[in-house]
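Shown below, as structure tokens, is a lone chain in the form predicted alone; questions about how it binds or moves come after it.
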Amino acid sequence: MDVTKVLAICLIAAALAVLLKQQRAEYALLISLAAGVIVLIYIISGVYSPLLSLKQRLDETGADYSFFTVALKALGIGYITSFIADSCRDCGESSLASKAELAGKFGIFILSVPLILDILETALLFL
């Protein structure tokens, strides 16, 4: 993944959005959202191969990587939630952005409940 490409896309989109905001604010918002989606897809495609390689290595070792899977899902929820919340703030909907962040936090909590239960069971075995 080439970070300079991502930064260039962001810079060009920001410049276009600022120029269009004066005349057609709705187009500025669409450019901002489109650039955000393009950057998100680019980042996901760049991270996918190393993650797949790591998963294959974990498969070879025979280790239980359920904790790793939960951590990656939580990371994904966090990034997507942040993207959506920032997009809502760009639209002037700070209240909606707060609700999106709250939903993301609860999503991560719900995702982590099985891990918490596993840790609790392990702790009880030691007692």
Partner chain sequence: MDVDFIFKIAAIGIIVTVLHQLLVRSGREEQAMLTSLAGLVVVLLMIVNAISDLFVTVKNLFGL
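Positions refer to the first chain, counted from 1. Note that the structure is predicted; figures quoted are calculated from it, not measured.
Form predicted in complex with the partner chain: not shown, discussed below.
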{"property": "Listed residue (91, 96, 63, 37) with a non-hydrogen atom within 4.5 angstroms of the partner chain in the predicted complex", "result": "37"}
{"property": "Any non-hydrogen atom of residue 105 within 4.5 angstroms of the partner chain in the predicted complex", "result": "no"}
{"property": "Distance check, residue 67 to the partner chain in the predicted complex, heavy atom within 4.5 Å", "result": "no"}
{"property": "Residue 84 within 4.5 Å of the partner chain in the predicted complex, heavy atoms", "result": "yes"}
{"property": "Close approach of residue 100 to the partner chain in the predicted complex, 4.5 Å, heavy atom", "result": "no"}
{"property": "Residues of stretch 90-115 in contact with the partner chain in the predicted complex (4.5 Å, non-hydrogen atom)", "result": "none"}
